[in-house]
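Shown below, as structure tokens, is a lone chain in the form predicted alone; questions about how it binds or moves come after it.
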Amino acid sequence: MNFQPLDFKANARKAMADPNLREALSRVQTNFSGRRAEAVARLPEFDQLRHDARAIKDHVLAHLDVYLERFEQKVVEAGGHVHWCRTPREARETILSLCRKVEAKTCTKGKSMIAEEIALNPFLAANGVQPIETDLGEYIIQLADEPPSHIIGPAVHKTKAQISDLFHEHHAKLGRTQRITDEQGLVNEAREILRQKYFDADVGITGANLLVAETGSSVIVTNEGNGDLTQTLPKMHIVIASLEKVVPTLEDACTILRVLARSATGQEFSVYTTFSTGPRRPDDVDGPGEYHVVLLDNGRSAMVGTVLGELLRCIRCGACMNHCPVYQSVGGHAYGWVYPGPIGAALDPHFIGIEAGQHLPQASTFCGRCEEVCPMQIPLPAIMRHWREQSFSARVTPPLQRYAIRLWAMAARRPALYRLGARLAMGALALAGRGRGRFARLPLAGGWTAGRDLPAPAGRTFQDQWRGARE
């Protein structure tokens, strides 16, 4: 699973020429965006819930140390353990040591972006512990040896025919020689193969949508029930989560959950919303013998109080990418790192550096839809603009681009010159486009016209129209 953020432009060109990807991405608008709009319309207080959820996260980030310490205290009181890790390496090694403690040969896994962030699967496999993804989407991409292309739909880039081919190839050695082509049949086959693996695994690893300081609980939301089997059947349950997942109370958790499912899949609540608190108690009929929470920083504490701090409100619903015209054109793999779409364009440069991630903040039309639909009201365009400024200051953008920005800035500081240049450009384009109304090709605009026509201007400049409307 190789990540290549520096190759965004090449990745994007390849993605736009892939007919299978085009077919797969066409479902995003219907299955995610449309359902979200319907769910929001059914809840008149949705905007108030967004405001409340944002206030909860802002309060937590202002008192993060207090709530993290309270969470640890409650976990310990319930019989669990908390492991503090600054870096991905510390987190990986902590999880491996816990697996070795119970002599684990296999571990089942629920969907976790933090596990992707620390490259947990290849590390465990290289050290004798075979990870088994149990979320259907994650299971599909594990067979394909690919990273997820979406936060909540990791295999959204795959067509049904591709999944059928993948299952036929990998399941044949397990005695499943018949090719399955219908959706329910594919789901049933995956369930049958995974069923025994739940019982055989010594360790179950899940992420956490939320951590509740009041009770020391971890919360996961799923639609398949795989998370419950992953964390209740093995000897040990390991939760891997980042620091900002903590919330003060159960009531606060429910407020955020009400906007999470609606924003992610258009559901009022996910099919399974599971709260886990500590290991199995003497009178419990099931549950893990040990409960461990691995808390990862990986630079997040340094974000608090900065322009990037608002990104820590993210609840990983995927709404921003579901409504992003760039994501819908190129898919998630084009972004080249763990987090795709607008949230990735704003967040990834912090983790991988602006040199490696310089193209990601440029991958936006700044239409503002990502901020408009974000349930936590994160100003994603403003943060991407911040990274563009950092790229310019660090001189990592191409020289021609920097010279063009300087030329534009020179004109923008001189209103008379700017207006004259805009009028000349408008007039020239209007004259050249007369009779056609649009340009199929245009010098210096190949990035636009390669995928769509550029409308020809038909009137005065915006400034002239604005001035005329006010007179």
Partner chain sequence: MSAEPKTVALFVTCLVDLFRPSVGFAAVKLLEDAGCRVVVPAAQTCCGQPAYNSGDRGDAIAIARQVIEAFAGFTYVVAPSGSCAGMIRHHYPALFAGDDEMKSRADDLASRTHELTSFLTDVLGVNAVAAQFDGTATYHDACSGLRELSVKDQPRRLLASVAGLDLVPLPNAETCCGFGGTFCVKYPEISTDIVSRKTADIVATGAGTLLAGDLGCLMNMAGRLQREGHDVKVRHVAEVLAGMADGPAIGEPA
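Here the structure is a predicted model, which is why all the values come from computation and not from measurement. Positions refer to the first chain, counted from 1. Superpose the two forms; the largest set of C-alphas matching within 1.5 Å is the rigid core.
Keep in mind that the form predicted together with its partner chain is missing from the display, and what follows is about it.
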Just one stretch in 336-344, 114-122, 171-179, 359-367 has heavy atoms within 4.5 Å of its partner chain in the predicted bound form, so which one is it?
-> 359-367
Please check if A12 has a heavy atom lying within 4.5 Å of any heavy atom of its partner chain in the predicted bound form.
-> yes
Tell me, yes or no, whether P415 is in contact with its partner chain in the predicted bound form, where a contact means a heavy atom of each within 4.5 Å.
-> yes
So in the predicted bound form, does any heavy atom of F351 sit within 4.5 Å of its partner chain?
-> no
Examine V330 and determine whether its closest non-hydrogen atom to its partner chain in the predicted bound form is within 4.5 angstroms.
-> yes
Going by its partner chain in the predicted bound form, which residues of 453-469 come within 4.5 Å of it through any heavy atom?
-> D453, L454, P455, A456, P457, A458, R460, T461, F462, Q463, Q465, W466, R467
C-alpha of A458 off by 2 Å or more between the shown form and the other one on rigid core | yes
Has the Cα of L49 moved 2 Å or more between the shown form and the other one, judged after a core fit?
-> no
